[in-house]
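The chain below stands alone, shown as structure tokens; this is the form predicted on its own.
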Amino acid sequence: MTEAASRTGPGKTPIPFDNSYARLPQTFFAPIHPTPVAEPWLIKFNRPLAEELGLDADALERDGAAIFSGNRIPEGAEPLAMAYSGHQFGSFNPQLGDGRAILLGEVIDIHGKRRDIQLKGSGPTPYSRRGDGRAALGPVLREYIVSEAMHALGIPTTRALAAVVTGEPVQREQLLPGGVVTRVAASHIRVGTFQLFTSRGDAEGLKHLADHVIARHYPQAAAAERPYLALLEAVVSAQASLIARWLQVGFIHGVMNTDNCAVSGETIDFGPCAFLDEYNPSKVFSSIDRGGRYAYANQPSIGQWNLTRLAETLLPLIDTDEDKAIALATAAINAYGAAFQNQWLAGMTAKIGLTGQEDADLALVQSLLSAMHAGEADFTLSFRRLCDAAENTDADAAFLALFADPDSARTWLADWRARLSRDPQTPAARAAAMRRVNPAFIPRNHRIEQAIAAAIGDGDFSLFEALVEVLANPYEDQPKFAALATPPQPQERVLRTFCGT
């Protein structure tokens, strides 16, 4: 441990750590302490999350700059970098791991759930692969905004406990201010963690990992006739639900590599992520996704591809007869398609105000999306204005105004109203239900970029603060933030997003 990254000193923060991952064999991780920084200061502290975690929020507010920068290690922490492998854009890399993240430890929150607390951008680790282990301020702000917005949208996600400016520059294409984000997760175990042990031929380590994940995330699997098959089935179900919910809010992860696929079913790693403005199923923002592998509409199939890689690692645990193990795992993977489709369609029919289901509902949803694509209509505003139209036909005009060519949308409205006539809700109840699933606000790409530019260029965090505030209640109309709901002007469009490395 470095002298600067000290456990001692005034204002020592009591965090009730209980570090199960640090008790695993050392093949799972490398012990490493954060690298101290020069002049950290706390940008943002998520007090409600701290209280949910059972932490001393007052002490963290007081000493947060030192703790969340890695300069002070809280008592009971056992800092480590996790080892894992992964497929990156389809190519396998046997040695990845936390190159700029350090897990401080785990706590049991007030609901009895185990949660990781991790510093991201806190210095090099043995897995940094010649990287500096640091994060620029921009990606730190992006992760804080988007991860907290995803939580408020009701989507399983890692969360942000704090954001810190380090007082030191980092070198990317230019010198940028450095930052550290403190990330909270159900765990940081990935498909790539399983791939690590398979690639090493470490059968004992693989079993140890699978047992750990069952105990931590899917304890019901332990009682199954085939616990490791039940584990695979549970992860398949969680990923199908997660990706369906991404699509329902127009989210594009941007880099769905197997090392960015958490077995807990949470959204993890907000590097080149973005939200749709105008609806386009082929939309790609990530600067490194040149072939469109992780385009918006490709995410469900990539989810299944990632799960297949997980299934491959679990085969020896599912059954000693390889052919039988393959058959069982294949059936589990094949169940993903129906699970995703059911979750996606249930969410989409709720977005258009339906409570029951008819055979033609899928076609009704698809025809709306086709009209939105052809008309270059904004994804979020289309559904939000449809809420108003569900309550009052006078609001049809505002919905149609979103379409470059409203004729197909006008035809769709007629079909939709005919379908609503067979659904047993009052217009007011339907509109209210729709507003609970169709956000008024999302983390608009151009607003995030504006917030980052203001923070880096002028030290002005006011737009960052406004985004965090409004996105904490994304389903509520908030007139004072109305400008943050609007799509970008042509000159404001964000065409590319970037990883934070």
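As the structure is a computational prediction, the values presented were derived from the model and not from experiment. The first residue of the shown sequence is 1; numbering continues from there.
The same protein also exists as the form predicted together with adenosine monophosphate; that form is not shown, yet it is the one meant from here on.
Remark: of stretches 421-429, 304-312, 348-356, 121-129, the one touching adenosine monophosphate in the predicted bound form is 121-129 (heavy atom within 4.5 Å). Although the partner is absent from this view, Arg172 contacts adenosine monophosphate in the predicted bound form, with a non-hydrogen atom inside 4.5 angstroms. Heavy atoms of Thr157 never reach within 4.5 Å of adenosine monophosphate in the predicted bound form, leaving it off the interface. The closest heavy atom approach of Arg100 to adenosine monophosphate in the predicted bound form falls within 4.5 Å.
The shortest heavy atom separation between Gln248 and adenosine monophosphate in the predicted bound form exceeds 4.5 Å. The three residues Asn46, Glu52 and Glu148 each lack any heavy atom within 4.5 Å of adenosine monophosphate in the predicted bound form. Distance criterion of 4.5 Å from any heavy atom to adenosine monophosphate in the predicted bound form singles out Asp269 from the list Asp269, Glu233, Asp378, Glu266. Checked against adenosine monophosphate in the predicted bound form, the residues Tyr296, Tyr84, Tyr218, Phe285 give one hit for a heavy atom within 4.5 Å, which is Tyr84. Contacts between stretch 247-265 and adenosine monophosphate, counted in the predicted bound form as any heavy atom lying within 4.5 Å, involve Asp259, Asn260, listed in sequence order.
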